[in-house]
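This document opens with one chain alone, in structure tokens, the form predicted on its own.
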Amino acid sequence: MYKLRLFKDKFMSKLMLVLTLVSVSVLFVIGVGLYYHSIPILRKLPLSDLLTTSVWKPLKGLFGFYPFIMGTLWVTAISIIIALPLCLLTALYINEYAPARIRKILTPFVNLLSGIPPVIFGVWGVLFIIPLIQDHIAPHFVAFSTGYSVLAGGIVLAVMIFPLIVSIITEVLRTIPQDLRDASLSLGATKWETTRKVILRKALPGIIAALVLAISRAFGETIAVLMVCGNNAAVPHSVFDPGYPLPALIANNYGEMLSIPMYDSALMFAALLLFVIILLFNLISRVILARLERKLAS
């Protein structure tokens, strides 16, 4: 009986190891698959030309990805700039200031946002955000804007990543011991001083981790973004200019224009580019997070 229990434990341990390796290897398989399908365009055009040129004319064999890279970065940066303060203050209110009754009401509503399909956010963006930018915001800054812009994409994306960031930061704040709050308050600090100098400092690694996950999701959002960004293959120079993020490029064109030579390989290279950007961003963020945790622990 004892040997049978040991066998079961070892079997389950090995099984979980195999399943974990299978799950992790999916990342490697995706990367290899995208690279394999990108080889034709990488052989035809130098990597530096693909990344730094702005001319996008597939019929002439010109594939410059620079506008799409910049479009992706613009939309993602705007969404994080909008979402981070809102999410941080919302999570702090829910966890530190809201009465229990209010907290029980707010939390399900925040979680409900994460269950809404992206296309609904896209429709909301077209119906409300585009007219808002076109008629009320853009006229104060530029002569004309259709509203279809990287700003619209950033706003829609900020709303989409809002529940993810709030949920993670809220969970991080709940892990902070109550003793730290009590000690700070007993020394004469106000509630806000305790929140700012004790709680936020202690929760900083978790907040950065939430931000990393949110940015990774923002990089890859497709449907809602392509509905409001304008999808113009040009480098945006202001928040009111249209953009064309990489996910929108792939979703808009894959399967429709594959008869054009090199076009399918170009789209696979766009997917590979997005994959590498997210991978590098996560790796760099993990390094920064590890250093920050060591610094706070010392």
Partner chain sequence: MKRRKFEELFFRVLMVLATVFVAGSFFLIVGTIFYKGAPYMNLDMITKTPGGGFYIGKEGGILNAIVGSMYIAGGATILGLLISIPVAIYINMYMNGKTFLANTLRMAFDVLFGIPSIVYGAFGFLIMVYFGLRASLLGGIIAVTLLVIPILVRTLDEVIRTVPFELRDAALSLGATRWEMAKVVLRQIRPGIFTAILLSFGRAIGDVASVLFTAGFSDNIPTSLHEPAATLPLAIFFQLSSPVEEVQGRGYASALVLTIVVLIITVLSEALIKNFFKHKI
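Positions refer to the first chain, counted from 1. What you see is a predicted model; the values in this text were computed from it and never measured.
The discussion below concerns the form predicted together with its partner chain, not included here.
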Looking at 82-90, 202-210, 69-77, 173-181, which stretch has residues with any non-hydrogen atom within 4.5 Å of its partner chain in the predicted bound form?
82-90
Its partner chain contact in the predicted bound form: Thr190, any heavy atom under 4.5 Å
yes
Contact of Gly33 with its partner chain in the predicted bound form (heavy atom, 4.5 Å)
yes
Does the 4.5 Å heavy atom contact test between Leu62 and its partner chain in the predicted bound form come out positive?
no
Does the 4.5 Å heavy atom contact test between His37 and its partner chain in the predicted bound form come out positive?
yes
Counting only non-hydrogen atoms and a 4.5 Å cut-off, give the residues of 203-236 close to its partner chain in the predicted bound form.
Arg217, Gly220, Thr222, Ile223, Leu226, Met227
Ile288 and Met70: do their C-alpha atoms lie closer or farther in the predicted bound form than in the form you see, with a change of 3 Å or more?
farther
Look at the CA atoms of Ile284 and Met70: state whether they lie closer or farther apart in the predicted bound form than in this form, given a difference of 3 Å or more.
farther
